[in-house]
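Coming up is one lone chain in C-alpha coordinates, specifically the form predicted on its own.
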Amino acid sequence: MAETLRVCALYPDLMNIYADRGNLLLLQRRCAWRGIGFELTASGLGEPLDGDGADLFYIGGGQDRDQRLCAFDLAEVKREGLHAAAERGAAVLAVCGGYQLLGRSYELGDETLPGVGLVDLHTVRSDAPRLIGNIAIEVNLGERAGGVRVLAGFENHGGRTHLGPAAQPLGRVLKGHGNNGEDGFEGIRQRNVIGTYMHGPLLPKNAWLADWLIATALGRDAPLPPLDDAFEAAAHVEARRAAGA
(Lines give C-alpha, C1' and ligand atoms only; values in the text may rest on other atoms or scores of the structure.)
Protein backbone atom coordinates (compact mmCIF):
# COMPACT_ATOMS: atom_id res chain seq x y z
CA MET A 1 0.00 0.00 0.00
CA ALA A 2 1.32 3.46 -0.93
CA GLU A 3 2.41 5.75 1.87
CA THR A 4 -0.03 8.58 2.64
CA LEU A 5 0.51 11.88 4.40
CA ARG A 6 -2.54 12.74 6.51
CA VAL A 7 -2.94 16.48 7.06
CA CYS A 8 -5.53 18.16 9.27
CA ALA A 9 -6.21 21.87 8.72
CA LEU A 10 -7.63 23.64 11.75
CA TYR A 11 -10.28 26.28 11.01
CA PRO A 12 -9.49 26.55 7.28
CA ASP A 13 -12.57 28.74 6.75
CA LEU A 14 -11.57 31.27 9.44
CA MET A 15 -7.77 31.15 9.79
CA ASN A 16 -6.78 31.71 6.18
CA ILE A 17 -5.50 35.16 5.28
CA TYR A 18 -2.39 36.15 3.34
CA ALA A 19 -2.90 33.20 0.95
CA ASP A 20 -1.60 30.73 3.52
CA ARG A 21 -3.77 27.97 2.04
CA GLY A 22 -0.98 27.77 -0.52
CA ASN A 23 1.05 25.91 2.11
CA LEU A 24 -1.40 23.01 1.94
CA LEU A 25 -1.37 23.01 -1.84
CA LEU A 26 2.43 22.81 -1.96
CA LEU A 27 2.47 19.90 0.50
CA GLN A 28 -0.05 18.06 -1.68
CA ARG A 29 1.92 18.67 -4.89
CA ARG A 30 5.27 17.63 -3.45
CA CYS A 31 3.73 14.44 -2.14
CA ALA A 32 2.09 13.70 -5.50
CA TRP A 33 5.34 14.23 -7.40
CA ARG A 34 6.95 11.57 -5.23
CA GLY A 35 4.10 9.07 -5.36
CA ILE A 36 3.08 9.76 -1.76
CA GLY A 37 -0.64 9.84 -1.05
CA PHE A 38 -2.18 12.97 0.44
CA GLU A 39 -5.27 13.08 2.64
CA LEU A 40 -6.62 16.44 3.81
CA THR A 41 -9.23 16.79 6.55
CA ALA A 42 -10.51 19.81 8.47
CA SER A 43 -11.45 20.53 12.06
CA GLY A 44 -13.67 23.54 12.62
CA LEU A 45 -15.33 25.27 15.53
CA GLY A 46 -16.90 22.87 18.03
CA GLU A 47 -15.35 19.77 16.47
CA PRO A 48 -13.14 17.63 18.75
CA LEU A 49 -9.66 16.97 17.44
CA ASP A 50 -8.42 13.40 17.07
CA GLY A 51 -4.75 13.48 18.03
CA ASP A 52 -4.18 10.25 16.10
CA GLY A 53 -6.15 11.38 13.06
CA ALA A 54 -3.34 13.09 11.16
CA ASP A 55 0.43 13.15 10.73
CA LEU A 56 0.62 16.93 10.30
CA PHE A 57 -1.63 19.60 11.81
CA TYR A 58 -1.81 23.05 10.25
CA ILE A 59 -3.31 26.33 11.45
CA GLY A 60 -3.01 29.66 9.64
CA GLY A 61 -3.73 33.26 10.54
CA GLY A 62 -6.99 35.15 10.80
CA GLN A 63 -8.67 38.42 11.64
CA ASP A 64 -9.00 39.38 15.33
CA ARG A 65 -12.69 38.44 15.46
CA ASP A 66 -12.09 35.00 13.97
CA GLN A 67 -8.93 34.46 15.99
CA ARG A 68 -10.87 35.10 19.18
CA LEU A 69 -13.41 32.39 18.28
CA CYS A 70 -10.64 29.93 17.48
CA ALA A 71 -8.71 30.76 20.66
CA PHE A 72 -11.55 29.64 22.91
CA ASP A 73 -12.27 26.60 20.75
CA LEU A 74 -8.63 25.51 20.82
CA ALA A 75 -8.42 25.90 24.57
CA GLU A 76 -11.76 24.29 25.38
CA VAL A 77 -12.40 21.74 22.62
CA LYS A 78 -9.15 20.81 20.85
CA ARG A 79 -6.52 21.20 23.57
CA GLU A 80 -6.34 17.54 24.58
CA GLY A 81 -6.18 16.27 21.01
CA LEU A 82 -3.49 18.71 19.88
CA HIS A 83 -1.34 18.02 22.92
CA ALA A 84 -1.67 14.27 22.33
CA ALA A 85 -0.65 14.72 18.69
CA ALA A 86 2.45 16.73 19.56
CA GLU A 87 3.41 14.32 22.33
CA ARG A 88 3.43 11.35 19.97
CA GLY A 89 5.63 13.26 17.50
CA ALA A 90 3.14 14.53 14.93
CA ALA A 91 4.25 17.63 13.04
CA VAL A 92 2.51 20.93 13.72
CA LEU A 93 2.88 24.08 11.60
CA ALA A 94 1.23 27.27 12.88
CA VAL A 95 1.48 30.57 11.04
CA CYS A 96 0.92 34.10 12.36
CA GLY A 97 -2.37 34.06 14.31
CA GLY A 98 -2.14 30.30 14.65
CA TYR A 99 1.38 30.71 16.03
CA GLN A 100 0.14 33.16 18.65
CA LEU A 101 -2.53 30.70 19.80
CA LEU A 102 0.02 27.92 20.37
CA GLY A 103 1.26 29.67 23.51
CA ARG A 104 -0.14 30.45 26.93
CA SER A 105 -2.12 33.59 26.14
CA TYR A 106 -2.64 36.52 23.79
CA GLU A 107 -3.33 39.90 25.40
CA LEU A 108 -5.61 41.73 23.00
CA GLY A 109 -6.37 45.16 24.47
CA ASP A 110 -8.26 44.70 27.72
CA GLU A 111 -8.99 41.06 26.93
CA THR A 112 -6.68 38.09 27.39
CA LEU A 113 -7.37 35.27 24.96
CA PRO A 114 -6.41 31.78 26.13
CA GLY A 115 -3.73 29.87 24.28
CA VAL A 116 -3.66 26.13 23.78
CA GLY A 117 -0.46 25.92 25.87
CA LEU A 118 1.42 23.74 23.45
CA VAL A 119 4.60 25.85 23.69
CA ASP A 120 6.06 28.32 26.19
CA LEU A 121 5.26 31.79 24.84
CA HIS A 122 2.84 34.64 25.28
CA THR A 123 1.82 37.46 22.95
CA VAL A 124 0.81 41.04 23.66
CA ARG A 125 -0.89 43.35 21.15
CA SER A 126 1.17 46.51 20.91
CA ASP A 127 0.01 50.06 20.23
CA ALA A 128 3.26 50.65 18.35
CA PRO A 129 3.35 50.35 14.54
CA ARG A 130 2.78 46.88 13.11
CA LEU A 131 5.84 44.81 12.23
CA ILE A 132 5.54 44.57 8.47
CA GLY A 133 7.87 43.61 5.65
CA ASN A 134 9.93 40.93 4.00
CA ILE A 135 11.96 38.84 6.40
CA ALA A 136 14.75 36.28 6.30
CA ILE A 137 15.94 34.11 9.18
CA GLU A 138 18.68 31.56 9.72
CA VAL A 139 17.52 28.18 11.02
CA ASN A 140 18.98 24.77 11.75
CA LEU A 141 16.56 21.85 11.73
CA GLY A 142 19.32 19.26 11.66
CA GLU A 143 21.18 17.30 9.04
CA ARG A 144 18.01 15.89 7.48
CA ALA A 145 17.07 19.46 6.54
CA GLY A 146 20.58 20.24 5.30
CA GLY A 147 21.96 21.91 8.40
CA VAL A 148 21.92 25.70 8.57
CA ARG A 149 19.41 27.08 6.06
CA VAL A 150 17.59 30.35 5.35
CA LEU A 151 13.84 30.84 5.51
CA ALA A 152 12.44 33.85 3.67
CA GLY A 153 8.92 35.22 3.74
CA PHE A 154 6.71 38.12 4.75
CA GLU A 155 5.53 39.30 8.17
CA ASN A 156 2.63 41.54 9.16
CA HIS A 157 1.68 41.44 12.83
CA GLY A 158 0.67 43.82 15.59
CA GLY A 159 1.38 41.28 18.32
CA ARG A 160 4.72 41.01 20.07
CA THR A 161 5.54 37.43 20.98
CA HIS A 162 7.89 36.62 23.85
CA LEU A 163 9.32 33.14 24.35
CA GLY A 164 9.63 31.55 27.77
CA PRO A 165 13.05 30.81 29.29
CA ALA A 166 13.15 27.22 28.09
CA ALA A 167 11.69 27.87 24.63
CA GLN A 168 13.80 27.55 21.50
CA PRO A 169 13.27 30.06 18.68
CA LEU A 170 12.85 28.78 15.16
CA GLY A 171 15.65 30.98 13.95
CA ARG A 172 17.79 34.11 14.12
CA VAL A 173 16.62 37.18 12.23
CA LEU A 174 18.86 38.21 9.35
CA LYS A 175 16.53 40.87 7.98
CA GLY A 176 13.15 41.94 9.34
CA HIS A 177 11.52 42.16 12.75
CA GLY A 178 10.78 38.64 14.02
CA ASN A 179 8.87 37.80 17.17
CA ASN A 180 8.89 41.23 18.75
CA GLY A 181 11.33 43.45 16.89
CA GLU A 182 13.73 43.47 19.83
CA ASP A 183 15.36 40.14 20.70
CA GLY A 184 16.51 39.15 17.20
CA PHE A 185 14.62 35.86 17.08
CA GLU A 186 11.69 34.57 15.02
CA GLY A 187 9.21 31.78 15.61
CA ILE A 188 9.46 28.81 17.89
CA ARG A 189 10.44 25.18 17.55
CA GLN A 190 9.66 22.48 20.06
CA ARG A 191 10.31 18.95 18.83
CA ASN A 192 8.17 18.73 15.66
CA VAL A 193 6.09 21.82 16.45
CA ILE A 194 6.92 24.95 14.45
CA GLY A 195 5.32 28.36 14.88
CA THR A 196 6.24 31.38 12.78
CA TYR A 197 5.08 34.82 11.68
CA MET A 198 6.33 34.16 8.14
CA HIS A 199 3.62 33.81 5.54
CA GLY A 200 2.58 34.95 2.13
CA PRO A 201 2.56 31.79 1.96
CA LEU A 202 5.70 30.37 3.55
CA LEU A 203 6.24 26.93 2.00
CA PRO A 204 6.22 27.81 -1.73
CA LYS A 205 9.11 30.17 -0.99
CA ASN A 206 10.93 27.54 1.09
CA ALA A 207 10.30 24.13 -0.46
CA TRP A 208 13.02 22.56 1.65
CA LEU A 209 10.92 23.24 4.78
CA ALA A 210 7.91 21.58 3.16
CA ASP A 211 10.04 18.50 2.53
CA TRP A 212 11.27 18.50 6.12
CA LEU A 213 7.68 18.64 7.38
CA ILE A 214 6.61 15.79 5.10
CA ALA A 215 9.52 13.58 6.07
CA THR A 216 9.10 14.38 9.76
CA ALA A 217 5.36 13.76 9.72
CA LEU A 218 5.88 10.42 7.99
CA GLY A 219 8.57 9.41 10.46
CA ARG A 220 11.31 9.14 7.87
CA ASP A 221 14.89 9.28 9.05
CA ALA A 222 16.35 10.13 5.63
CA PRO A 223 15.61 13.12 3.38
CA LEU A 224 12.97 12.72 0.69
CA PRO A 225 14.08 11.97 -2.88
CA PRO A 226 15.04 15.23 -4.64
CA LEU A 227 12.79 16.94 -7.18
CA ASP A 228 13.46 19.32 -10.05
CA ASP A 229 13.11 22.48 -7.97
CA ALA A 230 14.22 25.13 -10.44
CA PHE A 231 11.07 27.20 -9.99
CA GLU A 232 11.04 26.70 -6.23
CA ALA A 233 14.69 27.72 -5.99
CA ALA A 234 13.98 30.87 -8.02
CA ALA A 235 11.08 31.75 -5.71
CA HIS A 236 13.34 31.32 -2.69
CA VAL A 237 16.08 33.48 -4.18
CA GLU A 238 13.56 36.21 -4.98
CA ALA A 239 12.13 36.09 -1.44
CA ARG A 240 15.62 36.45 0.00
CA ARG A 241 16.38 39.30 -2.39
CA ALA A 242 13.19 41.10 -1.36
CA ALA A 243 14.23 40.79 2.27
CA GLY A 244 17.74 42.03 1.52
CA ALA A 245 19.39 38.78 2.62
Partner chain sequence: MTGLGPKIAAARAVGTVARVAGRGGGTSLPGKVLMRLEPHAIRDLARRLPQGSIAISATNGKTTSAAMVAAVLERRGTRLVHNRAGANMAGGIASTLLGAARGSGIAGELGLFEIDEFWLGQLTDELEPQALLLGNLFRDQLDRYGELETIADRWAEIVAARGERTQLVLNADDPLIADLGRTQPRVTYFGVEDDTMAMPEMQHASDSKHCRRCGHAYAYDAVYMGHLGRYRCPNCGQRRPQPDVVAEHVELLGTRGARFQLRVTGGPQAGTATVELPLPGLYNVYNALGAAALCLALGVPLAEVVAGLEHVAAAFGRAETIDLGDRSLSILLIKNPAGANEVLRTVALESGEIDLLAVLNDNIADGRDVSWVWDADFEILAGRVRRVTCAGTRAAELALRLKYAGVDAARIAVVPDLRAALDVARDDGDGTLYAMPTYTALLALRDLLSSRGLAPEYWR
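This one's a predicted model, so the numbers in the text were calculated from it and none came from an experiment. Numbering follows the first chain given and starts at 1.
Keep in mind that the form predicted together with the partner chain is not shown, yet the notes after this line are about it.
S.K.: Does the partner chain come within 4.5 Å of any heavy atom of residue 132 in the predicted complex?
M.R.: Yes, residue 132 lies within 4.5 Å of the partner chain in the predicted complex.
S.K.: Would you classify residue 191 as touching the partner chain in the predicted complex, given a 4.5 Å non-hydrogen atom cut-off?
M.R.: No, residue 191 stays farther than 4.5 Å from the partner chain in the predicted complex.
S.K.: Taking 4.5 angstroms as the cut-off for heavy atoms, does residue 49 touch the partner chain in the predicted complex?
M.R.: Output for residue 49 is no: heavy atoms all beyond 4.5 Å of the partner chain.
S.K.: If we define contact as a non-hydrogen atom of the residue within 4.5 angstroms of the partner, is residue 26 a contact of the partner chain in the predicted complex?
M.R.: Result yes; residue 26 sits at the interface with the partner chain in the predicted complex.
S.K.: Is it true that 17, 21 and 231 each have at least one non-hydrogen atom within 4.5 Å of the partner chain in the predicted complex?
M.R.: Heavy-atom distance to the partner chain in the predicted complex: all three under 4.5 Å.
S.K.: Given a 4.5 Å cut-off on heavy atoms, tell me which of 35-43, 61-69, 172-180, 214-222 is the interface stretch with the partner chain in the predicted complex.
M.R.: Within 4.5 Å of the partner lies stretch 61-69.
S.K.: Just give me the residues of 146-175, first to last, that have a heavy atom within 4.5 Å of the partner chain in the predicted complex.
M.R.: Residues within 4.5 Å: 154, 156.
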